[in-house]
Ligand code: UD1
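A lone chain, given as structure tokens: the form predicted alone.
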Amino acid sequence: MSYKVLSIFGTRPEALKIIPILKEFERQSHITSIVCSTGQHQEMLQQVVDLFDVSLDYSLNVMMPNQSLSQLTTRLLFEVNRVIEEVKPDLVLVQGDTTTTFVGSLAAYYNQIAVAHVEAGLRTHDIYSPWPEEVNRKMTGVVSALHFAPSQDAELNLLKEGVSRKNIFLTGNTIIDTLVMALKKIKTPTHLTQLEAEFQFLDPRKKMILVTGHRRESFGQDFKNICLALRRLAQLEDVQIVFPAHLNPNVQGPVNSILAGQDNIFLLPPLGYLSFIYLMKVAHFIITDSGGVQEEASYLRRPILVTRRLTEREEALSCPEEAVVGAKVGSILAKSQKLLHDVAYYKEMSATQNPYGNGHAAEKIATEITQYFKVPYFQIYNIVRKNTL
């Protein structure tokens, strides 16, 4: 018997973390895999889908100019519900903490279909940091049947919230699976030659700082502060800053008004995944508000400065109290200069032990989903579910 699993994602980070699981599903004769993209990151997402040769069964077009979270959520719920009603899956798979994740799990719940949550249990315990991601993942957890925790910290958070231990599976993080695949591609002569040519503008005599930023809670003055810190940092002669800027107007505005035309700052459009991983490998350190970049950097042993008040991935940082700098100009400058010029401090911040596994998280997840579909657990779960809703 074949069971239908509907995997839903909308952003590039979601796709990167679900793709290894889709590859595992291809090896499972008893799983029919259906893939739905909501298109939250249309162009950026398509690049990784093509890179890893993934076929989309449904491609939604939910994004509108200057769309509010309420408008996005409403459009997503209608469109995702339509897909679920058509597919009638046995399980809906979602990842992380985006609006797509929350809406996908909610639509599955409304249709009384079990939810599997990849990267479950991440918490800052502050519903406005990150916003709206903290609430998205908590509400997704409420309706999930299977919780795939990427780390022991995440597993403990779920247990504290009353999730049954039998529904939690410590798997590691699938981003390491994807990163391992990407690193293999980068090492091939063709890709390596292309990447070296793409970034030939970099000066090997200078230390390169890689920057990303996209969090909603940072929009406004906080993001301007980050840009002001970068402009001052770029005045150091031994520094070059590479900033692939997110397409969101709330990012593009401050970046272009504060950083455009500055010496030692290279503003780039969003990069392909292989290009970005290549830059991470050659960066001296990274300034970011991205959770996924924190995870990847822990595997690559690259120091991170996190431009947020709180992070749900402290286990990815060797010194969380040092690495989380927020959006204060002084803090960003002080920690950056220390990483640039204090060798002992740099080594300390590079000493992170990767807590997210060895690249076999997707295999573990696919195995647990297979077990879930076996009799009698699958049938018993569904009988209980229908009697209690």
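One rule holds for the numbers: they count along the sequence shown, beginning at 1. Everything numeric in this text was worked out from a predicted model, so none of it was measured.
This protein has a second form, the form predicted together with this ligand, left out of what is shown; the following refers to that one.
Interface membership of Asn248, defined by any non-hydrogen atom within 4.5 Å of this ligand in the model of the complex, is confirmed. Under a 4.5 angstroms non-hydrogen atom cutoff, this ligand in the model of the complex has Thr98 among its neighbouring residues. Though the partner is left out of this view, Ser59 does not reach within 4.5 Å of this ligand in the model of the complex, counting heavy atoms only. For the chain shown alone, Glu43 is a contact residue for this ligand in the model of the complex, at least one non-hydrogen atom being within 4.5 angstroms. Using a 4.5 Å cut-off to this ligand in the model of the complex, each of Asn66, Glu133 and His214 places a heavy atom inside that distance. With the partner omitted from this view, the residue of Ala182, Leu72, Ile241, Val87 that lies near this ligand in the model of the complex is Leu72 [heavy atom within 4.5 Å]. Heavy atoms within 4.5 Å of this ligand in the model of the complex map, among the stretches 317-325, 359-367, 345-353, 35-43, onto 35-43 alone. Taking this ligand as positioned in the model of the complex, none of the residues of 250-265 brings a heavy atom within 4.5 Å of it.
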